[in-house]
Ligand code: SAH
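A lone chain, given as structure tokens: the form predicted alone.
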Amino acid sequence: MEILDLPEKLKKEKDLTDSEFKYILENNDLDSRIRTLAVEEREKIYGKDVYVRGLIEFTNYCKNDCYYCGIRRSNLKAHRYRLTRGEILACCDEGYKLGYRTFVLQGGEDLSYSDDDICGIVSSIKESHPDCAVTLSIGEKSRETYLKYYSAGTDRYLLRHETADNEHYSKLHPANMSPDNRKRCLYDLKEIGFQVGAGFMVGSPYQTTENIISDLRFLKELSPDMIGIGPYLTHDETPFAGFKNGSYQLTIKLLSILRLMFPYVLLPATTALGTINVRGREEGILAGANVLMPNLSPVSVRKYYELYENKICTGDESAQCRNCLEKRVESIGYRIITDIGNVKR
């Protein structure tokens, strides 16, 4: 196989050998071709449509102490908050008026919300907005708990695996956290019937090219409905404060690679991408992404959900975020779609 043929091989076979992946990840001569093919695949399936999900960051308390995260348990400088059920429902009501038909409830692993609390919140959203999808992103739970969430009406669950390599995982997390348990959660979620999202950080501390290839292999095995990747971004109140941010260029390249590997997947252009580069979300869409997740959280708490520093849009009202994104998307020739936006097969 000639090096110049690798983008076409990836498009055709949806896979490469480890050495071929290593070449395209570590060299930039094929980037333009990979990106062109990724956009062709994306537009063949999804056209110019960009799906939006209304993000509600409802708690920044977390029992975990992940070394890269600004809301880790040991960050005593974090300003903590929790939203009530009424506040969450008010966010959904506002989002519905703005055209959102999917709500993503994201938070740290906050033990103050019982299973019944979460199920009650989900049930209330579905009762008020039966034509909407509800996504949860609240970490590792037991299979029994996931079954409860599903029975309450939760449609999707997002759980980034962060890294598929066990040794690398141990460098990013304390010893009480297990990569096997994280993967168990993802397979439980799939078996139960959720639409599942996984993903990883690009450029996290100690990450190697081989680690990224392991991530691609794991995603191939899992075959999720959504894949969320973004550049690693630092936070001063973590053990990794001295590490540099992940690569914007590599993140963009990986979006295109993922689109060619998983033509039908829902692929967000993340807030982290827009934080590291002012046009990051637009460039993400132009690399093959087809989902945006604007913030519906109350402005009064947005700045406190600080996984990393200098996060964008923390001072914007929800309507501002919606209007700004619509203009940004239209400026590159795409259009925002407000339906549920299930993965196409």
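Just so we're clear, the structure is a prediction, and the values are computed from it rather than from any experiment. A residue's number is simply how far along the shown sequence it sits, counting from 1.
The discussion below concerns the form predicted together with the ligand, not included here.
Although the partner is absent from this view, G139 contacts the ligand in the predicted complex, with a non-hydrogen atom inside 4.5 angstroms.
Although the partner is absent here, Y232 is a contact residue: one of its heavy atoms lies within 4.5 angstroms of the ligand in the predicted complex. Taking the partner from elsewhere, K253 is found to have every heavy atom lying beyond 4.5 Å of the ligand in the predicted complex. In the predicted complex, the ligand lies farther than 4.5 Å from every heavy atom of Y51. Every residue of the trio G107, R182 and Y308 has some heavy atom no more than 4.5 Å from the ligand in the predicted complex.
Scanning L286, I34, M293, C69 against the ligand in the predicted complex with a 4.5 Å heavy atom cut-off leaves one residue, C69. Scanning R85, K190, R80, R160 against the ligand in the predicted complex with a 4.5 Å heavy atom cut-off leaves one residue, R160. Of the candidate stretches 299 to 307, 42 to 50, 277 to 285, 23 to 31, only 299 to 307 contains residues with a heavy atom within 4.5 Å of the ligand in the predicted complex. Contact residues in stretch 46 to 64 (any heavy atom within 4.5 Å of the ligand, taken in the predicted complex) are absent; none meets the cut-off.
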